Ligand code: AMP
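Listed next as structure tokens is one chain, alone, in the form predicted alone.
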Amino acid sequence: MSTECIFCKIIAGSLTSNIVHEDNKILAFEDVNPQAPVHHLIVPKEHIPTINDLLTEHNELIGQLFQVAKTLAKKHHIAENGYRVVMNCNEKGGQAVYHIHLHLLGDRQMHWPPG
């Protein structure tokens, strides 16, 4: 865990957030700057800075992140109409917090290209 990482602080409980899912490996919470009516951040509790830092040992964890996204999409009734799951990598990829995370966005029409 990184003492400077905002997501690690949320995981540790030193910063509050509206948590929508928690298990032993993953925490999901509402984005403070939502880009859609449903916008959750799904983060591993293990601090992994970027996609480039993933190891083969993380394969199962990454699959679990997507399973949580699917579960939350069903819970928030956006699974049938559609939703978007995004993971950004580094500055030009749009990553603002250097702790890997999925964005689950839904309940509005998504456009392509995203920007």
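The shown structure was predicted, so the numbers you read here are calculated from the model rather than taken from an experiment. Numbers for residues come from their place in the sequence shown, where the first is 1.
There is another form of the same protein, the form predicted in complex with the ligand; it is not shown, and what comes next is about it.
Among the residues His76, Lys70, Lys45, His39, the one placing a heavy atom within 4.5 Å of the ligand in the predicted complex is His39.
In the predicted complex, at least one heavy atom of Val32 sits within 4.5 Å of a heavy atom of the ligand. None of the heavy atoms of Ile19 is located within 4.5 Å of the ligand in the predicted complex.
Interface membership of Asn88, defined by any non-hydrogen atom within 4.5 Å of the ligand in the predicted complex, is confirmed. At the 4.5 Å threshold, heavy atoms of Met110 stay clear of the ligand in the predicted complex, well away from it.
Contacts of stretch 79 to 114 with the ligand in the predicted complex, defined by any heavy atom lying within 4.5 Å, are made by Asn88, Gly94, Gln95, Ala96, Val97, His101, His103, listed in sequence order.
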